[in-house]
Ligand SMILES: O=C(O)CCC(=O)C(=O)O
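In the block that follows, a single chain appears as structure tokens, in the form predicted alone.
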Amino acid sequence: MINFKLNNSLIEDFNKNGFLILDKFIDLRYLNQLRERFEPLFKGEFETGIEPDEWNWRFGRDPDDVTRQICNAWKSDHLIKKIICHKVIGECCSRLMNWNGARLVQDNILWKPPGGKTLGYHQDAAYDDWIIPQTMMTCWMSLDDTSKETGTLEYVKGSHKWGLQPPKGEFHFPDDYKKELNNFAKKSHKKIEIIYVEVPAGGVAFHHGHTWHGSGINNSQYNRRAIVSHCVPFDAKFHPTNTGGTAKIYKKYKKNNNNKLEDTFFPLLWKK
């Protein structure tokens, strides 16, 4: 399903830029099958009978012109799980971040339809304060050809070296999706250089948990669908006291007085 090997040159590019963009990652034979899973999932048709942890858009309930998101569809669909939890993703995330192994902390199923609105600029690790260490690595896999016109993912080059800001502002379809980025850059005297993830279907983008990113409006007539694996170090643990933000959703998987992230809920993808 995924056939890919990192090399030292690619790792150097990642360390310099805070992201790595590649045209080929998912075996093209699986793309149609993966696309076909989107509509049933957003209609609440869960193959395993298990509802995902977050389900932010539903047919018949929400506006058509917003980006649709489900978190942890790997629990709900077997094919999605095979991709999301693939060992190659775990190995790539580990090697890029210099970890000894990686586990899945969350997935995203993202569907930006024609006219789909913005997602505000943010840093993924900022939402990860219920984990020790507070870090993250993301693998964003596109199921459609992407471009600036389709509202693709946007990165700020080198921003993984700027430090981490707590979450601020609106995440889903803000009026000014670059507001928090511009405020942070101005305050920190940083120069903004935006790179657009323009890849064919089956391509991938890896990014550091501190890298600033967001996406604009889909001004095309085409859907922009992606599946995303968010990874943390294999030995990461629950923060013993933090209960705010997304901890309200995910700390329900904490067992008794044990701070371990259990494989049942946070699958181990790869370990040295």
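Heads up: residue numbers just count along the shown sequence, starting at 1. On a predicted model such as this, the values are computed, not experimentally measured, just so you know.
Beyond what is shown, the protein has a form predicted in complex with the ligand; the following relates to that form.
Contact annotation: of the candidates Glu180, Glu198, Asp129, Asp124, the single residue with a non-hydrogen atom within 4.5 angstroms of the ligand in the model of the complex is Asp124. When the ligand is considered in the model of the complex, only one residue from Leu31, Ile217, Val204, Val228 comes within 4.5 Å through any heavy atom, namely Val228.
Proximity of Leu110, His213 and Arg224 to the ligand in the model of the complex is complete: all three residues have a non-hydrogen atom within 4.5 angstroms. Only one segment in the set 74 to 82, 94 to 102, 133 to 141, 186 to 194 has any non-hydrogen atom within 4.5 angstroms of the ligand in the model of the complex, and it is 133 to 141. Within 4.5 Å of any heavy atom of the ligand in the model of the complex lies no heavy atom of Val156. In the model of the complex, no heavy atom of Ile89 sits within 4.5 Å of the ligand.
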